[in-house]
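Only one chain comes next, encoded as structure tokens, the form predicted alone.
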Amino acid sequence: MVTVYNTSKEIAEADPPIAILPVGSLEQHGEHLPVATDWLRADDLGQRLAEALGNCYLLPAIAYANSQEHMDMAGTITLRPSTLALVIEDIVLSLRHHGIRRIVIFTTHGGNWVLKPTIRDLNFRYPDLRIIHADGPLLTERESMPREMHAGKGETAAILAIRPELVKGRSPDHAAPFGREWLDYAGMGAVTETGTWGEPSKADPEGYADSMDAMVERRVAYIRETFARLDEMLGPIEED
């Protein structure tokens, strides 16, 4: 394992094939924890992963990230999602420039949602890179793999109920031996030849119609309740 505390010469001689990039945040954590909590956790986990992996380049945990939802509380620092995405891209391309093509990225802050589309986009634009998350179901744990992801029984039932004349038979059922995160790594075409990840054979258009009625009722209630509650918390929207 090499880190930024090593010299450039030492890093070159180690020739690490993998880099680890932890991402934390600086945001309020109640009255009992420091604003550095997520950053400290990211740094600690990165160290542990690097020690276990062996020959890798451990980067310092990124402290500044997307914490907009905490900005009404003192001490919080936030980057815009687009800024964080560009920071990740610049780091990844720096590693690529030095010949490191396998990169592990993880975050200890759930608000860093932009990391997922950033990883997917970089893998798509740079086929010579292998950028992955640090977690997901093991390939041997097939029972943990999602069975319904795309064009399966749910979406097939929906179009059968809405526009049945547009449904042209059924693609074969397909249960991919991967977790959802593999769409970020390799894309749908590598996961399934037909574009289906699910069980279209089990589509039930009548059940879909019934479930939609209940869904619409619940979502209308949520919309009304949420707007009313926001007006209570933040005050009514001022009209021009």
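Predicted model only: the values in this text are computed from it and were never measured. Numbers for residues come from their place in the sequence shown, where the first is 1.
Quick note: we don't show the form predicted together with a further copy of the same chain, though the next part is all about it.
When a further copy of the same chain is considered in the model of the complex, residue 62 lines it closely, a heavy atom lying within 4.5 Å.
Residue 137 belongs to the set of residues with a heavy atom inside 4.5 Å of a further copy of the same chain in the model of the complex.
Although the partner is absent from this view, residue 207 stays clear of a further copy of the same chain in the model of the complex, with no non-hydrogen atom inside 4.5 angstroms. In the model of the complex, at least one heavy atom of residue 70 sits within 4.5 Å of a further copy of the same chain. Contact annotation for 149-177: residues with any non-hydrogen atom within 4.5 angstroms of a further copy of the same chain in the model of the complex are 150, 151, 155, 156, 158, 159, 162, 163, 166, 167, 168, 169, 170, 171, listed in sequence order.
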